[in-house]
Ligand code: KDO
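A single chain, nothing else alongside it, follows as structure tokens in the form predicted alone.
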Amino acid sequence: MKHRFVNRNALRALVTVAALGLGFAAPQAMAQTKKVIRISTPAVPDDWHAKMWTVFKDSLEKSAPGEFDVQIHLNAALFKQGTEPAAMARGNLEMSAISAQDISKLVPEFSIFTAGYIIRDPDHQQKVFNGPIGEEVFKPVVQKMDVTPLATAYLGTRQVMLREDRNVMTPADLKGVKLRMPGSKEWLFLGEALGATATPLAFGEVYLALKTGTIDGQDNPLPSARAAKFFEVSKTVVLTNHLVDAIFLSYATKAFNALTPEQQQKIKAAAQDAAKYNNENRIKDEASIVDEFKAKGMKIVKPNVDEFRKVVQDKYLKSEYANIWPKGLLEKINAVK
């Protein structure tokens, strides 16, 4: 009897050890099977473009609990702005939001989306990129860059701000206006197309240049203008809406193709949720800034945007830039309602 009792205790001990071992191994095994998604963004924590990644993470965790380890790196802490596409192609990064300017460096025909008055407003932007046109223009991005765009996030709409009180209704009303633009030839062309005298100047020098009259105006999305306090040295906001910009939430293609179709769908849905969150909040933000500037005593001018679009698009179509745009694409974009 004693012998049987000892064996029974030994058996219990073995079962307990085995159970403990399995209990320890199970979470370890689960951790090893989680797919890591490294996200790199230059956005600062308070920016909607930073907050949307938390929405992505939460949405994915709800639809695919325990399947992914989403690691968000803000402030360009993981990769410098503009280097993310190359990192994704090399397999060093799974996700980022890349700009039309970044894409056009390797897919020149995509430069149509860096031109003035191609996209009318945020709603038009979503319809263009979420429809047949999006499918068409994203194919060469996947092929040439090894990144797969999943959702389109609204970056902002550029407006003109002037240091003096001026009633601008058409491009002709900007004749002789020294309008600060970023220094590249593409940006300077846009400034000239708007009817102004494009003047290259570093962003950090704009405030003083407006104050002293070295320049007559500048163009930026209103949140950027507010952050830089350009309202202190400007009197007029002209709602030209001349560039409705976007960034594209994208996944490294090789890593994306390694996922199951179900995982791909869940990631795409989470990216769409994140973009929607960003878009809704950014649009509200911009609308409130118009009222805020008006309350500060600034003149808000709503020009003839159709006339601006006609003049600017005509100048682009007669330029070298339009030569690399796919035939008929501009007409397709304009036809989207």
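All residue numbers are counted from 1 along the displayed sequence. Whichever C-alpha set is largest while still superposing within 1.5 Å between the two forms counts as the rigid core. The shown structure was predicted, so the numbers you read here are calculated from the model rather than taken from an experiment.
What follows is about the form predicted together with the ligand, which we do not show.
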Practice task
Look at the candidate spot formed by 99, 155 and 224 and say whether the ligand comes within 4.5 Å of a heavy atom in all three of them in the model of the complex.
Solution key: yes
Practice task
Counting non-hydrogen atoms within 4.5 angstroms of the ligand in the model of the complex, say which of 140, 131, 108, 182 makes the cut.
Solution key: 182
Handout entry: Heavy atom within 4.5 Å of the ligand in the model of the complex - residue from 231, 117, 187, 256
Key = 187
Exercise for the section: Please check if residue 42 has a heavy atom lying within 4.5 Å of any heavy atom of the ligand in the model of the complex. Expected result: yes
Handout entry: Exercise: residue 309 in contact with the ligand in the model of the complex, heavy atom 4.5 Å
Key = no
Practice task
Flag residue 194 as yes or no: does it have a non-hydrogen atom within 4.5 angstroms of any non-hydrogen atom of the ligand in the model of the complex?
Solution key: no
Practice task
Would you check, heavy atoms only and a 4.5 Å threshold, whether residue 249 touches the ligand in the model of the complex?
Solution key: no
Exercise for the section: Among 216 to 224, 258 to 266, 86 to 94, 171 to 179, mark the stretch whose residues have heavy atoms within 4.5 Å of the ligand in the model of the complex. Expected result: 216 to 224
Practice task
Residue by residue through 71 to 86, tell me which have a non-hydrogen atom within 4.5 angstroms of the ligand in the model of the complex.
Solution key: 81
Problem - Yes/no, residue 179 Cα shift of 2 Å or more between this form and the one not shown with rigid core fixed - result: yes
Problem - Large Cα shift (2 Å or above) at residue 266 between this form and the one not shown, core-fitted - result: no
Problem - Shift of residue 134 between this form and the one not shown at or above 2 Å (CA, core fit) - result: no
